[in-house]
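Next comes just one chain, in structure tokens: the form predicted on its own.
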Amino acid sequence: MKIETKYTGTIEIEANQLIRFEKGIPAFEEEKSFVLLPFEEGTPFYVLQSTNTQEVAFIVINPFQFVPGYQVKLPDSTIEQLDIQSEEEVATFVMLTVKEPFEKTTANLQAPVIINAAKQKGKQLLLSNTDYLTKHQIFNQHVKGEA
């Protein structure tokens, strides 16, 4: 099937690439079908693109590459909703808020996107009781003890 994308125009995708978000994404509850596309070859960025609305697309990253020690404990309700059978099925991403200059870009660590890659089901999980921020600076982080 062909879809219109926000960043790369019209592309052809296969049905097995579709990721179903049963309840949509917060603030975009009507958007229930997405596809995960590489943003640009050689970069760690991906685009979570709605298959129904061209302008609904989110830049996402694998948080484990940028935030040492990042952890997400999936509640039983999420495991059940996404029909997760093993840890290997789970892919975790976080959405970016891209800013100028790019080094000021932040990631929403409080609401990771959880995808069961084996069953193509997804959900944005809203973490509670966490110290993670919705605007976590992912570039130019100072390590404790650095001058």
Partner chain sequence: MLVLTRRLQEVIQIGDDIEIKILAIEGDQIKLGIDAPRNIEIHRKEVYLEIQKENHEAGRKVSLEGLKGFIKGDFT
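Residue numbers count along the first chain shown, from 1. All values derive from a computational prediction rather than experimental measurement.
Unshown form predicted in complex with the partner chain; subsequent notes refer to it.
Of the stretches 84-92, 30-38, 57-65, 114-122, only 57-65 has residues with a heavy atom within 4.5 Å of the partner chain in the predicted complex.
Among residues of the shown chain, residue 25 is one whose heavy atoms approach the partner chain to within 4.5 Å in the predicted complex. Remark: residue 97 counts among the residues lining the partner chain in the predicted complex, judged by a heavy atom distance of 4.5 Å or less. When contacts are judged by a 4.5 Å heavy atom cut-off, residue 126 counts as touching the partner chain in the predicted complex. Contact check for residue 71: no non-hydrogen atom falls within 4.5 Å of the partner chain in the predicted complex.
In the predicted complex, the partner chain lies within 4.5 angstroms of at least one heavy atom of each of the following residues of 102-116: 102, 103, 106, 108, 110, 111, in sequence order.
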